[in-house]
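Coming up is one lone chain in structure tokens, specifically the form predicted on its own.
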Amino acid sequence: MTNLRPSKITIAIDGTAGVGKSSVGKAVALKYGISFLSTGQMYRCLGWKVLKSGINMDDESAVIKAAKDIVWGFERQSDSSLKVLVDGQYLGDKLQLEEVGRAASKVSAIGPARAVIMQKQIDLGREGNIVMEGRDIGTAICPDAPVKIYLIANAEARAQRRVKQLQEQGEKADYDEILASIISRDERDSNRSCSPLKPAPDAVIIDTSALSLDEVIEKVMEEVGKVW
């Protein structure tokens, strides 16, 4: 009997903010020995470069040029995740700075700049053997991926998880403030004109509200097992 199992796999994971896409994606990639990329990092990289270069974020042509000029590098780590390099530099914790996050949100809304980064992500998806998580992977980046997962959870569950995460890190956490931020981000992501957040027509939707991380990982692996 002919083995029709493809030699490579691309797994697309999308979903709302704070739903655990990175934790799930990284664990699945590690189990299969393939790479994992959290695509939001790349927009943060652009945000960082714009800030470092002193570019006015309202100057769209300058932001677009900055996006085109980035020399990307990717190095796979022992936990399966791809370390993203910008012009040969690993930015590490710099990407988590609040000002970088704000800049990323602004520059990613500039269509032509977003298109430059999206093309790089499309190229990575086509290479295969990768789990990619984001907000438009199944719809815009890897529409032909054989496995498309869309994770959801109610805003209250996501806020509680974030509070717990921050508290475990020894940081203060205001539940009401975090809940309001999640609801606001959902609305912004879903209503933006460029690559709005929505499940692909053939995506498998998994509600993680009442599931443990291991249970979500198992459900994703069941879907992968159907095709690979």
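We number the residues from 1 along the sequence you see. Because the structure is predicted, anything quoted here is derived from the model rather than measured.
What comes next is about the form predicted together with 2'-deoxycytidine-5'-monophosphate, which is not displayed.
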Is residue 40 one of the residues lying within 4.5 Å of 2'-deoxycytidine-5'-monophosphate in the model of the complex, judged by heavy atom distances? yes
Since only the chain is shown here, I'm wondering whether residue 153 would be in contact with 2'-deoxycytidine-5'-monophosphate in the model of the complex (any heavy atom pair within 4.5 Å). no
Taking any heavy atom pair closer than or equal to 4.5 Å as contact, tell me whether residue 129 reaches 2'-deoxycytidine-5'-monophosphate in the model of the complex. no
Consider residue 104 of the chain shown here, and say whether it contacts 2'-deoxycytidine-5'-monophosphate in the model of the complex, taking contact as heavy atoms within 4.5 Å. yes
The one residue among 162, 65, 185, 198 placing a heavy atom within 4.5 Å of 2'-deoxycytidine-5'-monophosphate in the model of the complex is 185
At 4.5 Å between heavy atoms, only one of the stretches 153 to 161, 70 to 78, 83 to 91, 108 to 116 reaches 2'-deoxycytidine-5'-monophosphate in the model of the complex; which one is it? 108 to 116
Who in 191 to 210 is close to 2'-deoxycytidine-5'-monophosphate in the model of the complex, meaning a heavy atom within 4.5 Å? 192
